[in-house]
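Presented below, as structure tokens, is a lone chain in the form predicted on its own.
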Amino acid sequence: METKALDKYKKEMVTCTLCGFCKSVCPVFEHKGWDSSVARGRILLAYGLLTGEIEADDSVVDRIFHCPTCNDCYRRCPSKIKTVEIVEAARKDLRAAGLSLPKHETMIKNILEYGNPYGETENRLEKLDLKPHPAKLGYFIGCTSAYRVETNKAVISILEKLGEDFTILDEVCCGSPMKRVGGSDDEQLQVVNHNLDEIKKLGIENLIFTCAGCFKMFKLDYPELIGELGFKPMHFLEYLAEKDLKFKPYPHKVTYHDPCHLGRHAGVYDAPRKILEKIPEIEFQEMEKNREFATCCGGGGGLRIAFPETSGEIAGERIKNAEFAEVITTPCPFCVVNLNTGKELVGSKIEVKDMIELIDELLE
């Protein structure tokens, strides 16, 4: 197989000292115990693919795709090896060689054909009593918010309460799901260019997101593909944290889950906590592992769709970390979905609450 994507990371891979520090934080290794499924193992496999010393058999494909791209290995790595970038490059080369996973192929096909990874045929705008119009503030709904949870309604309600002039756009999938599982640059650019054309057409200067994956894709991955954006991507909590918000009391013990793509990837930690501090009577307590040390929910990187059992087990462990609280809240709809899966698996009574929906309920 050709290794065009991995070629870029040859120096990165040989820099890995195989120290094994990544084993202490990898959520997949915790559940599988395979050295080949932790960062140093995947780097060895990727290097073997690059040099031709390892055949891309089913076991290698399994290990390379058995990663939620949470980036905790990078945080823990003394040499700061970019494992997620290496994993995504390996996936791109494997897929180019026809060695991707069937569920991932279906997802990419759905994105290119229907504009979303779920294969939904209804346009997301048909569900809303809004139409795109020129405005400086735009809201990128995202696929999970549009088709699997009700976050979009909460965002619109909050913006209307604040009296903001904002617009939605005739968007398609941001492209994050296909990039994580090995989508080619040409495939990514099909959705990237559509979204950028819509943003430019509407004159948007600030674009807000509620999905951590969409936000990370726009903030970090779009510039790599096309250069400067010409507008500012912001997570909705960053936007709200600067507002003078007034809340109703919420007398509950609450903890917060940091989404990997919002936290470790994009560096947003303070905004959600700043908002939670404003809520009267809330009893907020951090989990033992929080901020950059927060453990993954297991929902990202194509793990949930291809390996639901592993993904659910990881989510269940995160729920166990939070059981001292009545409510665990998080601003990523995909984390909400997966944490609820984990909740059911471990039989927990804790309530999983989308933070955007919580804000909407309490905002006066």
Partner chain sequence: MLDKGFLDKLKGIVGDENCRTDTAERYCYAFDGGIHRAMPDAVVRPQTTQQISDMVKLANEYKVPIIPRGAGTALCGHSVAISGGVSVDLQGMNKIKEIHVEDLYVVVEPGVIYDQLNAALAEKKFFFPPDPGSAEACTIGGMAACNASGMRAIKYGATREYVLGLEVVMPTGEIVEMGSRTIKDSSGYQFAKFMLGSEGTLGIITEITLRVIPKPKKNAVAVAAFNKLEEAGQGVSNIIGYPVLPSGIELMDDVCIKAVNQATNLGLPEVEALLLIEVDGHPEAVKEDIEKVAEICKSSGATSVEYTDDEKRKVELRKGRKSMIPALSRYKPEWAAVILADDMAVPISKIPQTVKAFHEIADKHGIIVATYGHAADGNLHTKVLMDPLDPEHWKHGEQATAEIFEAVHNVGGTTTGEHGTGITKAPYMRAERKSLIEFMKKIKRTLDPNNIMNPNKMMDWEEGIITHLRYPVNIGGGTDPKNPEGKKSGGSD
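Because the structure is a prediction, the values reported are computed rather than measured. Numbering follows the first chain given and starts at 1.
Beyond what is shown, the protein has a form predicted together with the partner chain; the following relates to that form.
- With the partner left out here, the partner chain still marks one of 294-302, 313-321, 23-31, 335-343 in the predicted complex; by a 4.5 Å heavy atom cut-off that stretch is 23-31.
- In the predicted complex, Ile328 stays away from the partner chain, with no heavy atom inside 4.5 Å.
- Residue contact check for Lys349: none of its heavy atoms lie within 4.5 Å of the partner chain in the predicted complex.
- Gly48 belongs to the set of residues with a heavy atom inside 4.5 Å of the partner chain in the predicted complex.
- Proximity of Glu309 to the partner chain in the predicted complex falls outside the 4.5 Å heavy atom cutoff.
- Counting a residue when any of its non-hydrogen atoms is within 4.5 Å of the partner chain in the predicted complex, the hits in 1-31 run Lys10, Lys11, Glu12, Met13, Val14, Thr15, Cys16, Thr17, Leu18, Cys19, Gly20, Phe21, Lys23, Ser24, Phe29.
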